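Below, in structure tokens: the form predicted on its own, a single chain.
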Amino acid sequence: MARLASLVLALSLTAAPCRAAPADHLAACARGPSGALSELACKLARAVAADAPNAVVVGVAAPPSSATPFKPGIAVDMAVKVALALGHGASAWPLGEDRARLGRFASPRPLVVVETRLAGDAVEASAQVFAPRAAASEPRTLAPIGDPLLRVAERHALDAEARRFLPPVPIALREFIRLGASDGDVVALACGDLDGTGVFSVASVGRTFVTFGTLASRKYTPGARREERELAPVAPVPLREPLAAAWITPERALDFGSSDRAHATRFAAGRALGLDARLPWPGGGCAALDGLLLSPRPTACTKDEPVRSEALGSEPFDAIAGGVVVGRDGSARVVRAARRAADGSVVVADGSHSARLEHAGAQLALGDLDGDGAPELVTSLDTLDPKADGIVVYSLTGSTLTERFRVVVPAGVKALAVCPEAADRMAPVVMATGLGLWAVR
């Protein structure tokens, strides 16, 4: 009785503790890369805003289980984020509720119910909008909540912002599996959520073709192929040993390029756009050629795009990598890695800290393997003998690189990519070898 009265009173007086300021949050929250939960909240708010003025937002909390392993705190976190994204007087209820108690919420304001669940290796959030309701005439009676006016759902690949509500996973080799055949001339790989479904797309960039496939659990499924000559003309003076890079951007586009071609290409929604630079620099921006090598100074990919970081030293590189790494608070930062051609050393920097690896191979990849908000660097070995090749995984903490494990790859490593975070294990590392595509999980 006391709890029911307090709920009705709190909602009727529109005094939920987290009230959003009357500002245009829907336009601001989508600018630039952000964490999974922040982006999901923005999209849900944008979808329901017209039907939920001054809404009360309630997060539904499910008890943790194998089917719903998120900690209950994610319910309140998402409710707050959606309310802040809605702005204009929206409020978040400060407790995680279950569906059986939603009938207690009687208010002259719309009710937005937010649920968050795990969908494979993605996080899915949904929002339902219910019309305002009057309190029950009898204090002990719970009026039915009724059918929602609107229901929307969105998915996003996991990252550290979402993973903080999941059990931690170790960085440890569990299996080394063959995914399938690949072209023999692969020079770059990319792995990410290209279509927003939460299923990993793997793009293999060769000297002749770009091949797309999907990676779900242990199964790799080849997909479409595009000829490079359809996407970019041949470079006036191709290098004998091509330099190449590729990545799947937060905007779900594949940026790729090689010194074989006159310019890099952005491929999204089945359409290709020529970029103003030769190679993309994973994490943001592009790279220009400096003679037979790569300039240490990132450049803009198009005239309308900013450059997000300063130069990495002054000496040219023969390999580059990078990514957008999301912290546990949802903030995103660009982390870059590059191998100096002069001595084979690798520098890693995120704008605040930098670290140096004295010797590594020319294949690099960067990502957050355990979803803790700190990046991992993956390198091949510095050898001319494919039988002596392998990969090494390092964690970057502040200015320190710590080796986590290494794997022998006697077929030789031709290209590397780190996939997005997984729900219950280390994120996969995909590699192109002399014997096709393989994954370390």
Partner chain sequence: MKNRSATRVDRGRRALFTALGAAAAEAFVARPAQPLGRAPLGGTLRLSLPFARGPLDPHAADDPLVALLAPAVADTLFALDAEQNPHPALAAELPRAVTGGTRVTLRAGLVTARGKALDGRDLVFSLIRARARGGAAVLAELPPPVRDPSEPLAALFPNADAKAVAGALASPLCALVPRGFDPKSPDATGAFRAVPSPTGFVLERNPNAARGPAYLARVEVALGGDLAEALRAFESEHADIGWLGAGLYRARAGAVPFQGPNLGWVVLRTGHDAGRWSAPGLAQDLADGVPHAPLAQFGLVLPATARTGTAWGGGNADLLVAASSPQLVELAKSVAAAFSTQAQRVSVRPVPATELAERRGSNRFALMLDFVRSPGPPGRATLLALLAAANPALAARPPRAPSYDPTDIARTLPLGVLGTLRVSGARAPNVHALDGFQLGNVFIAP
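What you see is a predicted model; the values in this text were computed from it and never measured. Numbering follows the first chain given and starts at 1.
There is another form of the same protein, the form predicted in complex with its partner chain; it is not shown, and what comes next is about it.
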> its partner chain in the model of the complex: within 4.5 Å of a heavy atom of each of Glu154, Ala272 and Gly330?
Replying inline: no
> Quick one: does Gly412 come within 4.5 Å of its partner chain in the model of the complex, counting heavy atoms only?
Replying inline: yes
> So in the model of the complex, does Glu124 come within 4.5 Å of its partner chain, heavy atom to heavy atom?
Replying inline: no
>> When the contact criterion is heavy atoms within 4.5 Å, does Asp195 count as touching its partner chain in the model of the complex?
In response: no
> Taking heavy atoms only, is Ala277 within 4.5 angstroms of its partner chain in the model of the complex?
Replying inline: no
>> Using a 4.5 Å heavy atom cut-off, which residue among Pro238, Gly223, Pro167, Gly73 comes into contact with its partner chain in the model of the complex?
In response: Pro238
> Of the residues Ala300, Ala232, Leu293, Val334, which one places a heavy atom within 4.5 Å of its partner chain in the model of the complex?
Replying inline: Leu293
> Tell me which of 371-379, 37-45, 53-61, 412-420 has residues with heavy atoms within 4.5 angstroms of its partner chain in the model of the complex?
Replying inline: 412-420
> Taking its partner chain in the model of the complex, which residues along 170-206 bring a heavy atom to within 4.5 Å of it?
Replying inline: Leu173, Arg174, Glu175, Phe176, Gly184, Asp185, Val186, Val187
